[in-house]
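Given next, in C-alpha cells, is a single chain: the form predicted on its own.
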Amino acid sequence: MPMNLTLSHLTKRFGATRALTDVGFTVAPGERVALLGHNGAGKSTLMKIVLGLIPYDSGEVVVVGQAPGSRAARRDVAYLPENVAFHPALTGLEQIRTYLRLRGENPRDAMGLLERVGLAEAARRRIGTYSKGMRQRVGLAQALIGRPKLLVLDEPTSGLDPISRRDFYAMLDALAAEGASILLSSHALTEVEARTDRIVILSKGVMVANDTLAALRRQAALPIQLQVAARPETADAVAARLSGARFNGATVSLTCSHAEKLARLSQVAALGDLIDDVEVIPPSLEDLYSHFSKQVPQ
C-alpha cells in the first residue's frame, strides 16, 4: 500500500546543532500517528520539512508521492497550527469562501465545509465573536478544502474545552475513516492515548519509539498495576493472600510484570467470593513517554 508520508534517514542541522538525526517512519492512508516530544525535540522542524517550508540536509522525504513543498504535494497536504488567525471582521462563511477562491475551488462549497465542522449556525457571525474552539473549527474547515490526503496538525486542541476536544477528535476519526492520513503533534498525552493508531516519540532529535501503544507497552516492560476491590470484611485477608498493599478501605493494590499478569489474575480469581472486582491498569502513555525519552543514544 502506498504511503501518504515516508521519512527515511532524515537529518537536519542548524549550524552546529543537529535538530533531527536519522529519523524515519511512515504514515499510511487512514492512519492516525501522534508525534510526541519535549520542546526542542524536533517536532516543529520535522513538520516544517514535511510542509516544504525548510530544506533538510540528508535522507528522503516523500509526501503523497511527491517532493515536500512541490505544487502536487501542497495540493494534497493540509496544515492546522496551534493558534489559527483569521480576520475578525469576516464571518466564518466569508473566510472560507475566500480560501476556496484562493485554492481555485468553488466558493459555494463553504457552507458544506462549515457544516462538516459544526459551524453552520455560526457561519454568518463575525469571527471576532468566535471562541477559541470555534476558530479552530474554522481552521479545520480551511484544512479540509480540496479533500487533502495528509493532515499535519500542530497542537490542534490547545486551549479547547473538553467537549470541543472530544468533538474535534471525532472529526479526525471520520476523516481517517475516509482515508486521510493524520500526523498530529500534541503534549496532551491522555488525549492521544485513545485517539491514535501509532506513537512516534522524538527526544533530542532522535526517534526513540515508533509503534502501537500495545507494542510500546511490551517493549518498555513497565510494571502493570492490579487494583482488587475486596469486601470490607475480607480486605485484610485478600491483602495477605495476594501480598498486596491495602488502601482506600477495601482496595488492594498489586504490581506485576507483563509476563506475570495472567498468573496474578489467576490468583485473584481463585479468591472467589472474597472479592468484588479487579481492574488492570497498564502503563499510561505518559509513563511510556517518560521511559522512551530517556533512551537517546549518547
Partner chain sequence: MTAILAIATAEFRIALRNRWVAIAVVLMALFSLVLAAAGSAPTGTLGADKLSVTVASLTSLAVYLVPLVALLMSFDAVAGEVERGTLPLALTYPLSRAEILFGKFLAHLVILALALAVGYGLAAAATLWFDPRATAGLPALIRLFWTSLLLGAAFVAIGYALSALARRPGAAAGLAIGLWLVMIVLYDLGLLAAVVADDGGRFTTDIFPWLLVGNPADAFRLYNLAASEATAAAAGIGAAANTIPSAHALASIVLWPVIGLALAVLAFRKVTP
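Only the largest set of C-alpha atoms that superpose within 1.5 Å between the two forms is called the rigid core. Positions refer to the first chain, counted from 1. Just so it is clear, the structure is predicted and the values come from calculations on it, not from any experiment.
The form predicted together with the partner chain is left out here; the points below concern that form.
Residues with any non-hydrogen atom within 4.5 angstroms of the partner chain in the model of the complex fall in just one of 140 to 148, 114 to 122, 197 to 205, 217 to 225: 140 to 148.
When you look in the model of the complex, the only residue of 240, 67, 28, 54 with a non-hydrogen atom within 4.5 Å of the partner chain is 54.
Here is the short version: of 166, 132, 187, 101, the single residue with a heavy atom within 4.5 Å of the partner chain in the model of the complex is 101.
Contact check for residue 84: a heavy atom falls within 4.5 Å of the partner chain in the model of the complex. Looking at residue 108, you'd find every heavy atom of it more than 4.5 angstroms from the partner chain in the model of the complex. At the 4.5 Å threshold, heavy atoms of residue 210 stay clear of the partner chain in the model of the complex, well away from it. Mapping the unseen interface onto this chain, residue 89 counts among the residues with a heavy atom inside 4.5 Å of the partner chain in the model of the complex. Core-aligned CA deviation for residue 141 between this form and the one not shown: 2 Å or greater. Core-superposed comparison between this form and the one not shown: CA of residue 82 displaced by 2 Å or more. Residue 151: CA moves less than 2 Å between this form and the one not shown after rigid-core fitting.
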